[in-house]
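Just the one chain here, laid out as structure tokens, in the form predicted alone.
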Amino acid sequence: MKHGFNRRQVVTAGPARIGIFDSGVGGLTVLREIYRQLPNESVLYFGDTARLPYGSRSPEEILYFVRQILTWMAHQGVKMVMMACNTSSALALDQVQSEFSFPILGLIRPGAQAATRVGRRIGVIATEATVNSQAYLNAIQELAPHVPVWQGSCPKFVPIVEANQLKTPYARQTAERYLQPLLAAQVDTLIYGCTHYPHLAPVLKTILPGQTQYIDPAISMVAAAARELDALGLRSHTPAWSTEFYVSGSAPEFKRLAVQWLGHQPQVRQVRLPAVAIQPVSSPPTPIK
């Protein structure tokens, strides 16, 4: 599904929630956009903090994790799910869209569309798994075949964000090293190819030239979600806003990290995901216990 969701899927109308998930706090950048663009929607947020980072995982592991999360969300009665994780979007979206009865949106296509509207020399920073998938490169080249693209994997960015080291010299030194090839390529547009990376924007913007344009795929994905909800007659027009937060790891740790971006301390619960029957893989991941 190149547009990121399947309009043919059947969804039951009603006051159901939108589900969003990420490996950790990165998905809060998507949640922020939902609050801005879809203020009447209730949200179910899941952070798979027990198994982050996703960027170094195999495609088989990512698909396994995504199926677990979506199965759990299906039991919570969600009407739509947004993958607030570029790695999951790159490696699992097409497969799971055909397996679940609600629309599932990814970040890659919306991000590529936004970048090709403004960029002539596009840089992508992402996890190792996302870069290796070539998902952004393929999407951009399909939309704008003559626009050059440079990709850089930034494996230490997610741990920096999750450890709240954004203002440290280490964060800046790491960013300078990762961005050097993009500086040399003179990119004019940078895609945040991981939802954690907008949290690093204050650092990144001091390194790249002032005229650089920054693309947060979350903005375009939520706009696409709004259009899809309207098309299906599922958008909430009643102010019944609420968000529930769940994590697979430490609830107090997620709460401590999330408060600086949410502006308040959320209530967070730990949840154990059920096992999901999947095709055998060469190195099965360890389920959450």
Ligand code: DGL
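Keep in mind it's a predicted model, so treat the numbers as computed, not measured. Numbers follow the displayed sequence, beginning with 1.
One more form of this protein exists, namely the form predicted in complex with D-glutamic acid; it is left out here, but the text below deals with it.
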property: 4.5 Å heavy atom contact, V149 to D-glutamic acid in the predicted complex; result: no
property: Contact label in the predicted complex: I215 to D-glutamic acid, heavy atom within 4.5 Å; result: no
property: Non-hydrogen atom contact G47 with D-glutamic acid in the predicted complex at 4.5 angstroms; result: no
property: D-glutamic acid contact at R109 in the predicted complex, heavy atom, 4.5 Å; result: no
property: D-glutamic acid: the contacting residue among V158, A115, I104, V124 in the predicted complex [heavy atom, 4.5 Å]; result: V158
property: Region of this chain that lies against D-glutamic acid in the predicted complex, out of 66 to 74, 53 to 61, 218 to 226, 241 to 249 [heavy atom, 4.5 Å]; result: 53 to 61
property: Sequence-ordered residues of 87 to 108 touching D-glutamic acid in the predicted complex, heavy atom within 4.5 Å; result: T87
